[in-house]
Every structure is written in C-alpha cells, then in structure tokens.
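So this first bit is one chain, no partners, the form predicted on its own, shown in structure tokens.
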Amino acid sequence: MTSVLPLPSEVSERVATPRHYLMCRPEHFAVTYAINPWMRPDIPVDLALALRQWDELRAVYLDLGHRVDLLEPLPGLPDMVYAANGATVLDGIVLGARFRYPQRAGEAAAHAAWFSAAGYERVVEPEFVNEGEGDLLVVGPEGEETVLAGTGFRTDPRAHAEAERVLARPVLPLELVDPLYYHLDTAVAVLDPVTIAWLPAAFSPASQAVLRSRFPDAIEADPADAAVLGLNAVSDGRNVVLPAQATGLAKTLADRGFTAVPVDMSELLKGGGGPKCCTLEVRA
C-alpha cells in the first residue's frame, strides 16, 4: 500500500501552511444527468445531507486556519459545488476552465466573474478544454512548481501547452486510462511539495513510469481506498482532508507523518466528487 516509511526526522518536518480556498455551497446539487461513471440519475440525492457534509468540510478548513471564500451557487448548474473544476490559480494568474460537457459550461463564466470582481487582473479564458484543478495539479516548492496535467477523458492535450504558457510553469502530461478516475484529482493527491499519493492502475504504463521516476517515495493507494475517491484529498502539507471511507489510506498517511482528517462526503460522491473536487486553491 505504501513505499518506504520515513525516518523519524522526516516525520517531524511536516508543516502545515495556511491556504486560501474557493468553495460553492451545494444549494442546487442534484444528479439529473450522467457525465461520469459515478453519476446515477435513478438514485435519489439527499440535498439536506449534501449540505451538511459540505458545511462540515468548510468548517474543517476554517478550524485548520485556512481562508475560505464562497462562490454564489446558480440554479441550473448542479455541479457548481465541485469548485475545483472552474479554474487553476498560480501567482495570482487565473487560467479559467472550458468544460467538456455542455451541462457544466456555465460554471466557467461564473468562476471568471468571481475572480474579476475579486480584483484579479489576469483572468484568462482558455482556448482548449481544461477542467481546472480537476486535471491541473500544482506540485513543488513555491516559485518552482510543476503542473501535473491529466488527459484521457476530459482535458484536451492541447490545453497542456496553454497552461504552461499562461501559468509560466513546466507541465508534466499524464494519461488517465480508467474511466472511474476521469479527472487527475481522483487518481493523485498532492500532499506536500515533494510527495504525492496515487493509484498506478489509473494511468497508462508510460505515465506510471513518469510518476515513479518523478516521485520515487510516493504513497501508492490501495484500490479499495481509491474506489471511494480517497485520493480526492486536500493537504496543507501536514493535514490531509480525505473521505472518511478511505480508512487504509488514512492509516498510511499517519505512518508517513501526515495527520489524516476524515470527512464524510458520501452524498457528494454521487456526483463523482470528494473534498478536492469541492475545493479550489487560490494561490496569490
């Protein structure tokens, strides 16, 4: 389940860094269409439960000392709760999203409008399909980041070069091959500047080789934990907020010196998302 355990000195070095997040309350959340394998319109959604689970997630971030801004939910856009898909932000530059499916297209404009109103001077409308931090994950020390860039189901490969140009960081393309893990953030969790957790089987052999070479000490998630979207997690460098059902991954994280913070996201999982899907990191 995991690679080589760290030395005690490595465990003691885990440091939490205050983060800035953008979230969208699921006031209009529903599963009325199916654009990923998790979505079943024939299974009812308990909206009250989804709201309570989302409120708990937000409260966890606030308790950990993070800043949380809110994007106004719009009727007719039930997936707006998955705020991570609406943009990628680095150095205060906002690379907007362009969604693969028309059901979500309106979310891109809502995100762009929020960032413009908040005073962000460079908000870029993309030419090619990219679904924000769903497929663009930032890893590395501040100022030296790399963007892990997924493709295979949603994001257009041509968007990788666009992201590299707009965000002014190198991009590492990765191919997803299992439709259950349709976004990169369902198959990879960035834990700190040099550590990831991931599910190798979600990637093509070539991409597996790339990740093994780049992250030799990565945590390999058990398939059972990945299957409850355990890798759809949010880390501040020490505290890792992850689905409560991913118990094996939580133990492995603890063994590696992280603090696992479980939250129940079972109702929002019906739309194919977990903590990370609900959380866009704003990097000023």
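For every residue, the number given is its place in the sequence shown, counted from 1. On a predicted model such as this, the values are computed, not experimentally measured, just so you know.
Form predicted in complex with arginine (ARG): not shown, discussed below.
- This chain is drawn without arginine (ARG); in the predicted complex, the residue among Thr252, Asn36, Asn239, Gln53 with a heavy atom within 4.5 Å of it is Asn36.
- The stretch from 112-120, 199-207, 178-186, 157-165 that comes within 4.5 Å of arginine (ARG) in the predicted complex, counting heavy atoms only, is 178-186.
- Contact between Cys277 and arginine (ARG) in the predicted complex is found at the 4.5 Å heavy atom cutoff.
- In the predicted complex, no heavy atom of Pro262 sits within 4.5 Å of arginine (ARG).
- Within 4.5 Å of any heavy atom of arginine (ARG) in the predicted complex lies no heavy atom of Ala97.
- Residue contact with arginine (ARG) in the predicted complex: Arg169 places no heavy atom within 4.5 Å of it.
- Although arginine (ARG) is not shown here, in the predicted complex the stretch 69-90 places heavy atoms of Asp79, Tyr82, Ala84, Asn85 within 4.5 Å of it, in sequence order.
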